[in-house]
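The data below hold one chain only, encoded as structure tokens and taken in the form predicted on its own.
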Amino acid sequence: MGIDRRKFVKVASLASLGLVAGPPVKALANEVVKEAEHGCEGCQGDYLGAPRAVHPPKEAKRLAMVVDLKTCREHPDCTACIDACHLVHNVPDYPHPKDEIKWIWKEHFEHAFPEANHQFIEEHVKHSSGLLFCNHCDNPPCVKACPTGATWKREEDGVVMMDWHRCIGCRYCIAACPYGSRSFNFREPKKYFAEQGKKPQPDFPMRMRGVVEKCTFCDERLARGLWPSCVEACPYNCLTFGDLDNPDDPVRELLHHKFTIRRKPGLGTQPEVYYIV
């Protein structure tokens, strides 16, 4: 597929200047869908190359993500999913690691999957990166640790949510999460955007200093019948999102036909993000 990071950045830049109608990811998604109709040359595997449905599954009971690291490794410089997520959710790009805010990020394979690392693992896998975000665990320890109910698991689809208005910044959830999926706002995001001369996306609320944030599987987009921004933006279909409780869902098809792993499965959190390695 001809949509690469350069094209994504171009579309995003035009959108920020008001030259493209609608959110940048929507503009990019139109190109993705248009080219997907003619096939996806970058896609690998039996199912990831198939065109997605127009809308994500409705009334899903157990939402999950499958990440195809095999295909992702073939494009190590691609950050389209990260760029899209951080753009539409107004995630500031702080230069200092101490202030880092991340919803999606890449981590060295050995650090991301310590339980899957051994001396005989293939070198190209061992030295690759894994794409990480909140695992939306079926048994989330962060929910149990939060004293205010600012983070909770939705009963209807299992998504682990955040309410930034109820967060008091105690960071108990950060301590409880074994995956490093949560970030704390040490600085004021609005001030950062103002200092950088950047215009925040109006479709998503800005957070404030002193609260925790993380990936929410783009709950605001799901409510509008849209795919998560990372899924829409990926030019190689490395991300498959769907309902685990539906035996006909592409997610279930992948898990049935492909060997997958999860991060730190021995902890009993039951992550809902699966990886094809």
Partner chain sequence: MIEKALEGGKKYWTLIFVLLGIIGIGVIAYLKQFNEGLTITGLSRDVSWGLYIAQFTFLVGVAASAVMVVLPYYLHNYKQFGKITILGEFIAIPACIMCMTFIFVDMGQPLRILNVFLHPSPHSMMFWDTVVLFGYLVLNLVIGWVTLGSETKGIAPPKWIKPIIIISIPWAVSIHTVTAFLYAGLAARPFWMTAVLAPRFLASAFAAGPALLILLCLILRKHTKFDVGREPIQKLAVIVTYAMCINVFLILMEVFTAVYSGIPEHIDHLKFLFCGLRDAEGVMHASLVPWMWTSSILAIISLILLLVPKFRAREGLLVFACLAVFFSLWIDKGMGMIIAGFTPNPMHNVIHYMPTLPESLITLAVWGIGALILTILYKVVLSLRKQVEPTRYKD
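Worth saying up front: this structure is predicted, and the values here are computed from it rather than measured. Positions refer to the first chain, counted from 1.
Below, we turn to the form predicted in complex with the partner chain, even though it does not appear here.
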Hey, in the model of the complex, does H111 get a heavy atom within 4.5 angstroms of the partner chain?
yes
Hey, in the model of the complex, does R209 get a heavy atom within 4.5 angstroms of the partner chain?
yes
T148: touches the partner chain in the model of the complex, heavy atom cutoff 4.5 angstroms:
yes
Is E100 close to the partner chain in the model of the complex, meaning a heavy atom pair under 4.5 Å apart or at it?
yes
Pick from S128, N135, S183, T79: which has a non-hydrogen atom within 4.5 Å of the partner chain in the model of the complex?
S183
Would V143, R166 and C170 all count as contacting the partner chain in the model of the complex, using a 4.5 Å heavy atom cut-off?
yes
With the partner left out here, which residues of 225-263 have a non-hydrogen atom within 4.5 Å of the partner chain in the model of the complex?
R263
